[in-house]
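First comes one chain, alone, set out as structure tokens in the form predicted alone.
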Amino acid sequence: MIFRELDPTFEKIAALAAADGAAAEVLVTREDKFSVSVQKGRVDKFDSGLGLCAGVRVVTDGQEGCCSTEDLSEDAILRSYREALECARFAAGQSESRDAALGMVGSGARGQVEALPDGFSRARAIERKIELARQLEGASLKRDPRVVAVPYNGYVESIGATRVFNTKGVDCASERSSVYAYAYALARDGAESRTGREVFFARSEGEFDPVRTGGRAAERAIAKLGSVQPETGVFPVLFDAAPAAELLGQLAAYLSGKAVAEKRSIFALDSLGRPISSPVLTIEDDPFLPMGPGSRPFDSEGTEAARATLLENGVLRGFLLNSVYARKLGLRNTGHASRGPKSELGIGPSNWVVKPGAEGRAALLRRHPRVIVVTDLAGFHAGFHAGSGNFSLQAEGELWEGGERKTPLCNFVVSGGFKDLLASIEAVGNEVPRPFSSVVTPEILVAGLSVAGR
């Protein structure tokens, strides 16, 4: 079992909690991380470190308290327990009501249920990792003489471990690894400059191909040279996989049981069983997705992971729930508790997966005489208004006519309402991309969307 040395500490916390009439939970994490980026073949940024943290959560008298420590000694963790208990008791003394929904998961995962994948080396030479970053940058620069720089690039390896223990019987641990790389290539032709990006994610280091990743970033940048502004109007819009993931990823926040209970979602509890999108859209949360960045054997409360269908042919089938909000809404816990040692209990998806459709890209582009393809979106921090679901986002892309690419596009804005966007999805592509984020979606074709250009 990972963090086996903490077993005596957990036993003491269990005894203290029983004497105090409280329930206690301990989340312990370890992350061994290495990252490097280069400029012109020389190391620009370099970081290597080991992070350890334990977060203690205590529930008593219908209130909770939390405390964390980066010192994993027995004294430090027991001190965190006492401080969390004191916070919970203080909150109980200040409140006139008791939150019956607060508590701990009484049954969940047990044992070590996930380990590092085959082929991941803990002792890979640092020079070899730096060389991969050099190859990543070099592949972009060599692809085309118009690529003048790769201002943002990086190669990141991470090995992490988690253990969840509570006084209700949960005790589980997992270990995971990841390789993440990115390249933003800058292409220039005269006075015009454009940037193209490519991102890579895998669980095993042997799958990373720096030449392909760097080359794709360069190709994306070159493809944008000669961009013009589109006309202003309402157009059919095809979102590439990356911007489609950014947009449809917003739905996870709206389908959080916490947001629904607090009336911060554009959907309500009575939306269950009703259509909230066009019938071509089916979304599943899949914690077992091979190579999925969000894959996990259990959630942050120790509830065993399970697939959950949230949207089926446009009909809302469920919300993302942890134990607390499952009780508040009178629904079944879906195992989507999310928290770090230093944060409060929340809700989060694992891998947000959109089911592919039947048509390929060529067929989607021929559905309409003119289609605007969106390849990049920006400005979510200011342009997406969570309360209303309205958005106005900066975009780059391409104009296609009769199924043929006409010209790259720049300096335009796509806008609308999120509910209207869901209802206007006309088709989903059949090509599922390799996961590069925890939202995995093919291209999506929207029948009509407002475009502000020239």
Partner chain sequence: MVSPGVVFKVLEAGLGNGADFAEIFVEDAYSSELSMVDSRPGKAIVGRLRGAGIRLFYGHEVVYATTSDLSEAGLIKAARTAASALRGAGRARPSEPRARGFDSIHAYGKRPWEHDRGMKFRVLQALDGAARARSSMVTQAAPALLEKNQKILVANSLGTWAEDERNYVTLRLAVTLEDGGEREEASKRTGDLGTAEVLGKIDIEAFAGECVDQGVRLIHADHAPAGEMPVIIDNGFGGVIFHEACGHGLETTSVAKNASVFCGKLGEKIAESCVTAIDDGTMANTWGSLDVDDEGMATRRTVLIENGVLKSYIVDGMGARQTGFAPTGSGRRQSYKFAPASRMRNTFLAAGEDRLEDMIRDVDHGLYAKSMGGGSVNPATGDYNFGVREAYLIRNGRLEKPVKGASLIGRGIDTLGRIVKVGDELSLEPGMCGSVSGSIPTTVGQPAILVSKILVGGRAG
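Numbering follows the first chain given and starts at 1. Since the structure is predicted, the reported quantities are computational estimates derived from the model, not experimental observations.
We do not show the form predicted in complex with its partner chain, though everything after this point is about it.
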Interface segment, criterion being heavy atoms within 4.5 Å of its partner chain in the predicted complex, picked from 144 to 152, 313 to 321, 294 to 302, 209 to 217:
144 to 152
Under a 4.5 angstroms heavy atom criterion, identify the one residue in Leu289, Ile266, Val170, Ala241 near its partner chain in the predicted complex.
Ile266
Kindly indicate whether Glu86, Arg98 and Gly387 are, all three, within 4.5 angstroms of its partner chain in the predicted complex, using heavy atoms.
yes
How about Leu6 - does it come within 4.5 Å of its partner chain in the predicted complex, if we only consider non-hydrogen atoms?
no
Touches its partner chain in the predicted complex: Asp75 (any heavy atom, 4.5 Å)
no
Check whether Leu422 has any heavy atom within 4.5 Å of a heavy atom of its partner chain in the predicted complex, and answer yes or no.
no
Report whether the minimum heavy atom distance between Glu404 and its partner chain in the predicted complex is within 4.5 Å.
no
Does anything in 402 to 429 come within 4.5 Å of its partner chain in the predicted complex by heavy atoms, and if so which residues, in order?
Asn411, Phe412, Val413, Ser415, Gly416, Gly417
